[in-house]
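Next up: just one chain, as structure tokens, the form predicted on its own.
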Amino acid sequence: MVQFNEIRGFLFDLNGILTDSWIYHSQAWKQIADKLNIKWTPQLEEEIKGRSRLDTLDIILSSMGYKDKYTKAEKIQLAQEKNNVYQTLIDKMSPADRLPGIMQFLEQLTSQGYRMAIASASENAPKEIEKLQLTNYFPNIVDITKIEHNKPAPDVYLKAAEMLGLTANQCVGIDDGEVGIESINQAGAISIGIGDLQVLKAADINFASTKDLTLANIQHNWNDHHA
């Protein structure tokens, strides 16, 4: 069993952890759904969290039985349309969009010598990190276009650990999506879920908000988990 003092790295999802850019993803996907006359529901919105662009589009299309209605080329075009909308929306992103408690947590990790990487399913992660002015903390960002299998497969978190020169079991992964927690667990890292406990019940440790992210809180929950 890994001890807390053996942890060397922290692997971060981006949307819902460092910033709430999910609202922009949701708005962009809803525009595509509206264009295709597909009903947008809270359940559909939850189901697509943390997935790749084409996987997300397939889920949206499948909700109306349309998955086989479009060719691969048409799906790629729709996914690109979504990304164009999203790019426009995130142009206004700034450090003001950082989530509560995140700066204090990043400073704490830095001062304690932990290594950090971004393990996001988004191709836009480098642009978002730049807009949030967090580049100094995250020189290591997984290039999702070079990952064979996106979340819930473990690849992105395994790659993030590798970029830090660590094994996954030396790392903590932090995610707000069900598929993200599955990805962390499959990679063999310790998983922290931020958000709804019922949705993220597979996480090793759960916090309601990013405000709860402190090393003291993590160690306290770790000790409870491993008691």
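Keep in mind it's a predicted model, so treat the numbers as computed, not measured. All residue numbers are counted from 1 along the displayed sequence.
The form predicted together with a small molecule exists for this protein as well; it is not shown, and the discussion that follows is about that form.
Asks: According to a 4.5 angstroms non-hydrogen atom cut-off, is Ser52 in contact with the small molecule in the model of the complex?
Replies: The answer is yes: Ser52 has a heavy atom within 4.5 Å of the small molecule.
Asks: How about Leu213 - does it come within 4.5 Å of the small molecule in the model of the complex, if we only consider non-hydrogen atoms?
Replies: Taking the distances in the model of the complex, the answer for Leu213 is no, it never comes within 4.5 Å of the small molecule.
Asks: Given that the partner is absent here, does Ser191 sit within 4.5 Å of the small molecule in the model of the complex, heavy atoms only?
Replies: Although the small molecule is absent here, Ser191 would stay clear of it in the model of the complex, with no heavy atoms inside 4.5 Å.
Asks: Answer for Phe105 alone: is it within 4.5 Å of the small molecule in the model of the complex, judged on heavy atom distances?
Replies: So Phe105 does not count as contacting the small molecule.
Asks: Of the listed stretches (165 to 173, 43 to 51, 197 to 205, 63 to 71), which one has a non-hydrogen atom within 4.5 Å of the small molecule in the model of the complex?
Replies: Careful reading of the contacts points to 43 to 51.
Asks: Identify, from the list Asp91, Glu123, Glu81, Glu130, the residue with a heavy atom within 4.5 Å of the small molecule in the model of the complex.
Replies: Of Asp91, Glu123, Glu81, Glu130, the residue with a heavy atom within 4.5 Å of the small molecule in the model of the complex is Glu123.
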